[in-house]
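Here's a solo chain for you in structure tokens, the form predicted on its own.
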């Protein structure tokens, strides 16, 4: 993963190149004798995994990519036929259904079975039950890292020591057993230094949306920007290269005063600047995006692109204290924040990104995001005096997406913004 081509035509093409290579290596892992670790995006220990020459696989990423390709519905049904409830997280059912139907990944290539299941974020109880099911299906070991919840709104030294001790006594030995390699602190330090570079570049890309007009959409476009840093590439030269390319392209758009990119070219006019709370719907992702940008709405900030880590507050992986930074990273994921902390973050986004309002997207089967969303909506609305809207669907189960229902909600929401603007125009100072 250390070789980088001298030239790449664009950030998009470079990302496709490294992702294609990643899936090729996964497909050939068994033949080459390379071991595989299944893990999750929140709290991922990518640098640690790669330092042992293990390949990471992200089940929820496979699920969302299957949904983007229109395959998730069949996978969900197959899992339900095997006894999984309609109310179970649809990521789980998609992943298990995919496995039961042959475990062909979203790139159309076979995924190797795991040699280790690494649960490095326990804030989502579903993750624990998900991996219990996978352990039974694959008959492989689990390494579990218990991550304390930020109930008081911060990470204490005692919490950090608690997680570091688990890394030293449980997680690192488990990886060493599976890989047959010793822990390499020098390699980890080098990867943490690269991770910190990527994180700083990623933040600069996201903060570019503070510009008016915004050169990017931080929700629909942002899900593609976040892939390298939250999957298999943080801590590598490839990630640094990608975010440098992306930032160069974004800064060029700002110089040219261009609006955010959409599926139909640049946004003709930026009429609304929106913050979004919650993950996207993946089965109708493109359709949902159109419901926003055809109204001239651009999402300037959101919680989902922080699901794998919040770097806006200054956190960076620290090469001088790698295990401590792994601990703080795992505890700093968005879904590990208390509801008041989430309200504070979204309120800050509303102000810093000059947003006209907040839209909460509640997905049926994700309790990690869903808990407290109505309270979040009310509190942000009260603090900012800006309108907040609410739409509903699911992650990867297509039967819970209703275009007409969401369109009606968004019609009413953007009309509310227009009416408030008209009122303030008639009553300046109010």
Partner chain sequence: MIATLGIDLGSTTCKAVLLSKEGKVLGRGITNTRADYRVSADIAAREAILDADLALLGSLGRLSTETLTLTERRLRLAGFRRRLQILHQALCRVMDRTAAPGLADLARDVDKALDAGDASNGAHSRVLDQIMDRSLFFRDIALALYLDAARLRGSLDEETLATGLAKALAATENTVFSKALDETAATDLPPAVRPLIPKLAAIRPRIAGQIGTGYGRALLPFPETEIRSEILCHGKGARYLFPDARTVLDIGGQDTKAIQLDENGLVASFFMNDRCAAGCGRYLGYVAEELGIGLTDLGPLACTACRAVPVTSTCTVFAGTEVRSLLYAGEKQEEVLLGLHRAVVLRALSLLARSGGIFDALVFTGGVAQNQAVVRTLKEYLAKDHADLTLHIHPDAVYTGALGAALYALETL
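Keep in mind that what you see is a predicted model, and the values were worked out from it rather than measured. Positions refer to the first chain, counted from 1.
Same protein, other form: the form predicted in complex with the partner chain, not shown, and the subject of what follows.
S.K.: Counting any non-hydrogen atom inside 4.5 Å, which residue from 47, 392, 379, 60 sits next to the partner chain in the predicted complex?
M.R.: The option sitting close enough to the partner is 392.
S.K.: Just to confirm, with a 4.5 Å cut-off on non-hydrogen atoms, which of 383, 69, 405, 30 contacts the partner chain in the predicted complex?
M.R.: After the contact test, the surviving option is 405.
S.K.: So in the predicted complex, is the partner chain close enough to residue 413 to count as touching (4.5 Å, heavy atoms)?
M.R.: Within the cut-off, so yes.
S.K.: Should residue 12 be classed as touching the partner chain in the predicted complex when contacts are defined as heavy atoms within 4.5 Å?
M.R.: Flag for residue 12 set to no.
S.K.: Answer yes if any heavy atom of residue 409 is within 4.5 Å of a heavy atom of the partner chain in the predicted complex; otherwise answer no.
M.R.: Residue 409: yes, in contact with the partner chain in the predicted complex.
S.K.: Indicate whether residue 374 is a 4.5 Å heavy atom neighbour of the partner chain in the predicted complex.
M.R.: Close contact exists here: in the predicted complex, residue 374 approaches the partner chain to within 4.5 Å, heavy atoms only.
S.K.: Mind telling me which stretch in 397 to 405, 22 to 30, 35 to 43, 60 to 68 gets its heavy atoms within 4.5 Å of the partner chain in the predicted complex?
M.R.: Of the stretches listed, the one contacting the partner is 397 to 405.
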